[in-house]
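Just one chain follows, in the form predicted alone, and it is written as structure tokens.
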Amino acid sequence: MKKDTECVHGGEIFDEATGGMNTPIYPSSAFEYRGRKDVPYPRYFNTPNQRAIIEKLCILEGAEDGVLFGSGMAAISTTLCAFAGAGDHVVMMDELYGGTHAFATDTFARLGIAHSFAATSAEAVCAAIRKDTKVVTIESPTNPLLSVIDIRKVAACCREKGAVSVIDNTFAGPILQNPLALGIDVVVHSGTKYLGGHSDLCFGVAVSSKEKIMKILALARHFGGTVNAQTCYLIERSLKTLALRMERQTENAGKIAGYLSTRKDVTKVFYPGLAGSAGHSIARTQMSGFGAMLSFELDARNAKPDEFLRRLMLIRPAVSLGGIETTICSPAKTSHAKMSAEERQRIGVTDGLLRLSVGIEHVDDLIGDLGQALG
């Protein structure tokens, strides 16, 4: 089946008793155990509603198994700790999501895990791998600079050197990019973004081979970051429109990126769909679309970021991303606020950088709002 169809029908549980079109909600926290090998229990991540979502996402990502978490940070932190422990080394890309960066700098030392940050290129990431490196973590496209890294090259290097490769696939999602098919070992998502898609859910997911998921699952059951049945129902409902939403949002983002690149009061536009962008050629080989996220910098001589945000009428300044409504934020004050000013400057997250999460509204209305706010 095509992905549009898989979004709707993959993993769904048919209720023979009523013939209902939706997976039933199973709110029980206690299940009969006699005669059953794998007794469902919410903290074991194996209830029917949890499994329905994982099966759908495994179909979309080409994975064997997965784990559904209460947040994207629960997914990435549990995954990293499942494969690296005291005495091990982890390679992380410079441009990782700010929360992931903060997790490493705040927590790894007390766990006895060494880590190195590498520049955003396959060559730099591979060069940073040491004999004691157990995990390599990348992101593509990155948050918030939309940089693109050669996923195949990183995956091959990790296999050769015996390190587990992990990618944050949040920005592209399973509709636009399937890293497992490119050789990556584990794919994680902040499902709060595009998978949920309506700015009302918080969850995360990790998918991989059954062997690697068993390691992640063992630690996840100790940490207990589970998702209840009612939230699972809403997640599954949202996933049914994932392909449809991503198609419209990606189309809108491409047009807006093109418009902003013509404005004299915009000095830089970061979007892999622009032919002149640094990651454009690589993105064409590993993505089926360029995504719905973009960032840009204003010419400070003509437009101040705070003033620009106040003048917007339709697009709302807000944290998070991936909803059906278009939102904008300053990464230096939101997603990357936990990083030091020096660290932000080093990777290019300036105080004037604005990140735009493009929604499903009519693109003419969005461009009109940006235009009137720029003046």
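This is a predicted model, so every value here is computed, not measured. Note that residue numbering follows the sequence shown and begins at 1.
Omitted here: the form predicted in complex with a small molecule. The next part is about that form.
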property	result
Option touching the small molecule, based on a heavy atom within 4.5 Å in the predicted complex, out of K212, K193, H101, R245	K193
Sole residue of S71, S261, T105, N228 within 4.5 Å of the small molecule in the predicted complex, by heavy atom	S71
Which of 230-238, 105-113, 149-157, 72-80 sits within 4.5 Å of the small molecule in the predicted complex, heavy atom basis	72-80
Touches the small molecule in the predicted complex: N143 (any heavy atom, 4.5 Å)	yes
Partner proximity in the predicted complex: T170 to the small molecule, non-hydrogen atom cutoff 4.5 Å	yes
Residue contact check: D185 to the small molecule in the predicted complex, 4.5 Å heavy atom	no
F270: touches the small molecule in the predicted complex, heavy atom cutoff 4.5 angstroms	no
